[in-house]
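Shown here is one chain on its own, the form predicted on its own, set out as structure tokens.
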């Protein structure tokens, strides 16, 4: 796609475009020609059975892995091959399937780390980042949103798995991302905290943020997401509205083997 075409796509509201994405590990093709687009303020689920290429796909989008081939465009700018920090500076944030909190730092300190990193990013930082002052008020605001403010002085390593997932999401929010990739945010989370996380995602979506959510929790993702993309054996099987995906025989076959 030409730069002008990408500018037009961005103007129409396309935040993320993945084109014919391929990732090979030795002789194994984990992702094979996957393409999709995400519009501004969409809430999209990326689902599929184990080994379908979901995490590999978002690892490429976020810069953790370099694609073997294909293109990734963020708001009309090609980003495939950029390092993760450069993509984060372009307001794309992500969480990980296995939480990556700083266990020996307090909850509040965990949120301050990305704020200080962003403030020191230099010319590559956003204008809003460069004019930030004390990040503590913003960190405390996010902790209140996540209902973790009462734990601000607790070591992150002492939190439950669900609380750590909320904390990791809070660190992402300190970077003020426009689009957020969540990798298995509901896995291993207590039902009460799952509801809380669900509510937080909805609140942020209503504020205008865009989400791509990888999850095996089909009940939650079908209820939460407005559109679903289904991967199977590294390829895009289908995409559509939740009720369309629920009734698709191809989806039933890859999940249930019938």
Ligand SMILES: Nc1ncnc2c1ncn2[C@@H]1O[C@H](COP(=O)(O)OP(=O)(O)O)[C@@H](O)[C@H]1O
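This one's a predicted model, so the numbers in the text were calculated from it and none came from an experiment. Positions refer to the first chain, counted from 1.
Another form exists, predicted together with the named molecule; not displayed. Remarks below refer to it.
J.: Of 220, 210, 55, 62, which residue is found within 4.5 angstroms of the named molecule in the predicted bound form when only non-hydrogen atoms are counted?
T.: Exactly one residue meets the criterion: 55.
J.: If the cut-off is 4.5 angstroms on heavy atoms, which of these, 200, 30, 189, 44, is the one near the named molecule in the predicted bound form?
T.: Going through each option in turn, the one that passes is 30.
J.: Only one of 36-44, 221-229, 22-30, 200-208 has heavy atoms within 4.5 Å of the named molecule in the predicted bound form; I'd like to know which.
T.: Comparing against the named molecule in the predicted bound form, the contact stretch is 22-30.
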